[in-house]
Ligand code: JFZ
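A lone chain, given as structure tokens: the form predicted on its own.
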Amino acid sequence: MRTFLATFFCLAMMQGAAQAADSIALKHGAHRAGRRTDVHMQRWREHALGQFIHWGVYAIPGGQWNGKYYPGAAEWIRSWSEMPKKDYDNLYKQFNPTDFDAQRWARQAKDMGVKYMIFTTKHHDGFCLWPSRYTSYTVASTPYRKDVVRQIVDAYSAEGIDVHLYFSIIDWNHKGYRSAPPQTPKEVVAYEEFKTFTANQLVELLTNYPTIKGLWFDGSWDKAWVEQAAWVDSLGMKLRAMSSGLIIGSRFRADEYGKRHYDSNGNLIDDYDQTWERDIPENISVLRGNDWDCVMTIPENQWGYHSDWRGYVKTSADLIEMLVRCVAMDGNFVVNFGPDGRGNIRPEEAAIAREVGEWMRDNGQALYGAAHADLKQQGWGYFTQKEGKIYATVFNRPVNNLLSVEFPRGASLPVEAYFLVDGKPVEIINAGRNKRNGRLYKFAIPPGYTASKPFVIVIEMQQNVPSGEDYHQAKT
């Protein structure tokens, strides 16, 4: 089953060698070639399903102000011309989410099948959901007062869910923040103060919450930050030294030539590719062997709470298909939730979490710890593999009830097949060779088999692959 990948990585190594010959010396580009191989990254790699939570004072207006609908992403409402900055900056005085229950959120996430979560400690408005020592613009200054981040970390960790903390580099509340590089001496001094403030807050988060597994950065596209490559790189190494196995995605920093995500030599910066926001790659080849995840909203583009969802809203069926597609390409899939100002996850999101969880309880084995299977994509669904098994997740059942699967030359072949949900056998039909000099098999779904949701067929593979082929391709 590894024939295709062996060829793929061989070609990738050849391409990498060619790139190395033409590469430029970088001090602040990628510090590693290829994937991380430690246990911390392997654990992240096997999660399959994650949860994102966007929550802050922007949940109070909920995408509305003075009876007017804000058409953008709710957490950006402060940037709206109809939203007076002074009014927004005083919303924290109303932040008192008396319905907030971190344990309830964590139980719901566990029931959904979530293995890791990402929580917004501070979004672009600069409001901190932990009592930071470095600003008064925090939850400690609100009527609620309690440390929200502490409650999240403790509740999710108690449920066995890994916690990653979101942190925005953009901070509209800090006087030294700017998007463009500082020009005057006064601006330079102010921006240096902002950099120190940012570093202090990140150190504070790792100090206060040492059990977290990673940092998820946002807002790092500003030219002012991009030009700080050496300083940001040094900060990243300091943070990694504080937390063994800390996972940081590709959004944190740029190289000295301003390249983000991938450095000037085309190598991934930091630990996993974060370019797939509300987007999924067409095929695994575009990922170049890198770790990656996709973060996805339920409505079209609402991360924080918006009281008025418009346009197409994804169903649990949509999200399950996206999840399986991501894992089939060696990625994780992260679903976003935007609780309201009182601390409630909206009913539509709760229903989706419940429906996804029901499916995962029956079929999660096909995803957790699974990897890409080196088989030709079929229109009826997706393949994953682990421990000598292929998992075929069927979304579009063929009219003739026959699932065609092409096994490449030299690959191991199927010896048994059955439904994951109940273990009932599935007939295997050897359809002979195909044009690619491999083997074509068909798996017969019993005509009387009914399923209202996508289902999984487990294909047990032979363990000892013959060294030679039992037939030859006709010469033409």
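The structure displayed is predicted, hence computed values, not measured ones. One-based numbering along the sequence shown.
Here the subject shifts to the form predicted in complex with the ligand, a form of this protein not shown in this document.
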Can you say which of 101-109, 370-378, 75-83, 326-334 gets within 4.5 Å of the ligand in the predicted bound form, counting heavy atoms only?
75-83
Heavy atom within 4.5 Å of the ligand in the predicted bound form - the one residue of W225, Y382, W216, Y177 that qualifies:
W216
Interface residue in the predicted bound form among W221, Y257, Y134, F395, criterion: non-hydrogen atom within 4.5 angstroms of the ligand
W221
Would you classify Y116 as touching the ligand in the predicted bound form, given a 4.5 Å non-hydrogen atom cut-off?
no
Partner contact for E277 in the predicted bound form: the ligand, 4.5 angstroms, heavy atom
yes
Answer yes if any heavy atom of R251 is within 4.5 Å of a heavy atom of the ligand in the predicted bound form; otherwise answer no.
yes
In the predicted bound form, H123 touching the ligand (heavy atom, 4.5 Å)
yes
Listed by sequence position, which residues of 41-61 have a non-hydrogen atom within 4.5 angstroms of the ligand in the predicted bound form?
F52, H54
